[in-house]
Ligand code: NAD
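Presented as structure tokens, the chain that follows is alone, the form predicted alone.
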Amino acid sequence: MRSFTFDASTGRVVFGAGAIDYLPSEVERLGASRALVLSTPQQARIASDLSMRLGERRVGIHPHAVMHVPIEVARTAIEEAGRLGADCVIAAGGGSTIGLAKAIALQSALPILAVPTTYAGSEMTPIYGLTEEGLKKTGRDARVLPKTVIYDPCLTLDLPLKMSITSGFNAIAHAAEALYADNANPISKLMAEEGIRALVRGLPGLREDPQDLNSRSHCLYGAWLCGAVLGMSNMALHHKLCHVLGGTWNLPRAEIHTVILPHVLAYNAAAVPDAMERIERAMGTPNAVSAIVALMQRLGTPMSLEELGMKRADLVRAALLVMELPYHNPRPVTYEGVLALVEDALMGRVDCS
């Protein structure tokens, strides 16, 4: 076995049905007494519920998180946290809300307690992203990693089925890319494979019964693992593409990851046979790319960038933006290769050979 370094930088996890009941004691454990609850406008109800649970430890609600964390939205939230004298932030929701909490933590060093209601996995990473003037910039900083994450599958029961499915594929994409990261190691690969296996087990159950708590638990467990391996792994072409498409064209995050996933896997497949083998083992299939496509079709996900609102006229700029600051990738990234990839993704054509 080759030498490797394993750096487990995740925070405390409280997992299980009803785990949200521990919210007040977990805030107390952080030494906090003035918690600001964050959410998107659509999830203001759950933000209000969490705030009520905190009693005297609450200081306010800020239900203004949006996709891709525009810099103006981040600045407003940072100012609000300061005005209220918050000593911690509680992020209730998915990647948008957790991303906003990270923007606050980056500037103020306030601790984050995350309560995920999707399978995005952002709560397990020190990765942050901010969008300014149509460009999304990402970075890593230990200050933005949530100190505590409460995973309660009961809180995902209201997540609409379509969002649940694409959020799950978003998580699978994290793990798939972590399998061939340039700093991958035996432990991260083990976690990534198990995360994919859990999601592939849970997502079909949601399709049959969105209220099935067992399936929700499998998906949330898988999302935890997939987010954790993303947090300890360097990103590659998949995430670079998604950051460009999301930040510049404001396409929905989970749906972008879903559509792009099989295309990047096909692009890299020949260069990463071990990663493909692990995905195939997790999914019980002889071909990772075709299995992902088949599962997407079975679960009714978007299959093309065109469905998300991308235009053919935008493809050249997208390829150029990817090439400006390309991430490491196991197969060399070229302008021609990226342009061909996004052209196929626009139309939903995938080479499964």
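Heads up: residue numbers just count along the shown sequence, starting at 1. Just so it is clear, the model here is predicted, and its values are computed rather than measured.
Absent from the display: the form predicted in complex with this ligand. The rest refers to it.
Interface residue among 163, 251, 78, 276, judged by heavy atoms within 4.5 Å of this ligand in the predicted bound form: 163.
The contact residue chosen from 230, 219, 259, 113 relative to this ligand in the predicted bound form is 230, the criterion being a non-hydrogen atom within 4.5 angstroms. Partner contacts here mean any heavy atom within 4.5 Å of this ligand in the predicted bound form, and among 81-89, 120-128, 181-189, 263-271 they occur only in 120-128. At least one heavy atom of residue 68 is located within 4.5 Å of this ligand in the predicted bound form. Using a 4.5 Å cutoff between non-hydrogen atoms, residue 148 does not count as a contact of this ligand in the predicted bound form. Although the partner is absent from this view, residue 156 contacts this ligand in the predicted bound form, with a non-hydrogen atom inside 4.5 angstroms.
Not displayed here, this ligand is kept clear of residue 168 by more than 4.5 Å at the level of heavy atoms in the predicted bound form. Applying a 4.5 Å heavy atom cutoff to this ligand in the predicted bound form picks out 136 as the lone residue from 129-145.
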